[in-house]
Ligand SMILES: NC(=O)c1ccc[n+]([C@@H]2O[C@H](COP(=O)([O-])OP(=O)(O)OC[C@H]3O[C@@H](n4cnc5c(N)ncnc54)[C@H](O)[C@@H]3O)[C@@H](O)[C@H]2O)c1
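Read the single chain below, which is given as structure tokens and is the form predicted alone.
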């Protein structure tokens, strides 16, 4: 689309220097909008204004510099909201120590900006919301003595690939009236390929169900892995056999740590919405969180159950591969579990500045745990015992014999998929 699409429109993003707000702000700026990123993190604001993403994002710095040339600016000044055509809130709903949504966090930030609302202001909620939050915010506006057009346009992008996926994924838009929907659809129609209209409650549940579904997929893979390995059976040989030339198992997930700032949190929000009757969600949480403890026990087993004085090296601390985001990473749960058992833990991550050098970790460790399968590790070989719940370095050969459709002289094959 040409850079004139949103010319003359001012868009302000609250929380604009984070993983959700910054890619969105870049796209609005590239579409021609006068874009302001309001954020309380002064370091992140300075980094963005220097033309650099504060985190890993594919193609991020190049597109950010182009957006800055078009006028994008990060700031800590909330007054930039005055006169904005659209104010986009990137406020996720956290969960408390009881795994219930902390709605007050959303309302407090929302209320702080209502003085900038007018009847023509499009107010967009962007991050995941507990079901019913939009209805509450709509009532809050109606009963608060001010006006605004309110919409919920949830983000659906993958960490580190937001710029690509904003361009390619359909955008869900919900609102309480046609005027608000049209305003939001027009705004996002300049950066998204298609618009899907839902009610506010439908949109809220769509995001939670999508993330919960993925969390459950990982949980069943992790459960099967722990069942097999605890019985002395090679799970990854079973995994290959199940998937070998069997179309219905094409989507069968491999095990691994399922963490990060969204999947666990959103599953718990959906459980809370359903009066804690989402038994599959709670079970998934127990399995996925339990895999970290299972990994610790696998390390202890190497040394006969005793870890006091042992050096254990962790490879990868980010919550997912090829990323620098450590939010809710289960690597830290593994670290704590090992330390509680008396181990001295060293760790390396190629994307974190305070990482111990890889060779130091490999040399000094008595055993290693692959916590995050960064591509930087793919070429490594190991002389020390390795716990690898991902199966990255353990690909057993599968014996496959010829059947009735094979040539008579066909021999046994060993395959490694």
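Residue numbers count along the first chain shown, from 1. Everything numeric here is computed off the predicted structure, so don't read it as measured data.
One more form of this protein should be noted, the form predicted together with the named molecule, which is absent from this view; the next part is about it.
- Proximity to the named molecule in the model of the complex, defined as a heavy atom within 4.5 Å, holds among 40, 46, 380, 352 only for 40.
- Checking 159, 311, 223, 180 for any heavy atom within 4.5 Å of the named molecule in the model of the complex turns up a single hit: 159.
- Remark: residue 207 counts among the residues lining the named molecule in the model of the complex, judged by a heavy atom distance of 4.5 Å or less.
- Residue contact with the named molecule in the model of the complex: residue 17 places a heavy atom within 4.5 Å of it.
- Contact check for residue 128: a non-hydrogen atom falls within 4.5 Å of the named molecule in the model of the complex.
- Contact between residue 262 and the named molecule in the model of the complex is found at the 4.5 Å heavy atom cutoff.
- None of 246 to 254, 196 to 204, 86 to 94, 299 to 307 except one has non-hydrogen atoms within 4.5 angstroms of the named molecule in the model of the complex; the exception is 86 to 94.
- The candidate site formed by 109, 113 and 327 is fully in contact with the named molecule in the model of the complex, as each residue has a non-hydrogen atom within 4.5 angstroms of it.
- Contacts between 208 to 237 and the named molecule, taken as any heavy atom within 4.5 Å in the model of the complex, involve no residue at all.
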